[in-house]
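Listed next as structure tokens: two forms of one protein chain, kept apart as structure 1 and structure 2.
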Structure 1
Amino acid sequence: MNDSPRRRELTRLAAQLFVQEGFDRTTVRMLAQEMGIKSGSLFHHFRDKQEILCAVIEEGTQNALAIAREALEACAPTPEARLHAMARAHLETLLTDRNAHVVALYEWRRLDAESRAHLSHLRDAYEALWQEVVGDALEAGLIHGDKFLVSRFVLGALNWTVRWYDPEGSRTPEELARELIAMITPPSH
């Protein structure tokens, strides 16, 4: 399938509709109407609704992975700086690509087996970055616990912010990331 700017725009519109209506309640007719095209024209860009869902999650996960990698490259090489960079990057992803992130969180289970297999490497790569950063923080004694559980706990806390965080509110993503890391690390003496 093509990777045109139009297809990417249609993918973003689909993400918005999936967030508003849910994947199951979203019809092809609704998608076409939201996209400003005829239902038949939708199939010029996508085979079916399942492919649209896969494209939304793929684009969102690729963006999250790119933002995380850039954040790690730009930060100091200390475990604390890397942990903070990952938390901030995750929050940035939520703010810049919120709909795709919400769809990935809540509609992953709607993917068919082929789509899940296709996307698993991206999800695994993102989680591996977290495992690496958390592993380094554990090794340095910055945090304590099981690497898998700490990674899941932190990602869960960050993912839940899509439900309550207000970008127009009093805390910036930077401050929120700093607070989260402060909660899981012992105070400096």
Structure 2
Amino acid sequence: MNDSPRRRELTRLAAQLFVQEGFDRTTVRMLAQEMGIKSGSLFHHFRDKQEILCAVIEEGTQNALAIAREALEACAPTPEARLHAMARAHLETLLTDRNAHVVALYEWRRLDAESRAHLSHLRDAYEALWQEVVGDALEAGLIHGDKFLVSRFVLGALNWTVRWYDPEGSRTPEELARELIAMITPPSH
């Protein structure tokens, strides 16, 4: 609905707080203070706290989808390059200061039924893109297994990196993506 610069800035700050503290522990007063306004003023921009979560998750998923599509267009048209591009794009949106995507994955269950219905098509589109790329890699003989299971295992491995990745460490998201693809690819490739 509304999409003012003010609302966008609040959405960005909310994403940061939701990652740091979790949605339930983030209070409207914390978000207001971060923005430099009073808590009551938040509800000029959002109907309620749930709508803030919804805005963050929508932004995070849309951005992840856009980045993934750009990465696919920019890379070589081989199944291996496309798989690597997807993994790299996913990790970069998760690990390089893109809080909204982390919220989309880790706070999805906090959405009420209405918000979930509104956002599920976006989520499905992102997963469908993954299944397409994984499916092509399977047909090319690059990897093996069931399309849906492989997609879920790979996404799980990627999503869990949020829990242990150290940005000050020696590995970049790109290297992590390469290592994951190497793990599921026979050495002959």
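For clarity, a rigid core is taken as the largest C-alpha set superposing within 1.5 Å between two forms. Not measured: the values here are computed from a predicted model. Every residue number counts along structure 1's sequence, beginning with 1.
Between the two isolated copies of the chain, the first is the form predicted alone. Relative to the superposed rigid core, the position of the CA of residue 92 differs between structure 1 and structure 2 by less than 2 Å. Relative to the superposed core, residue 19 shifts its CA atom by 2 Å or more between structure 1 and structure 2.
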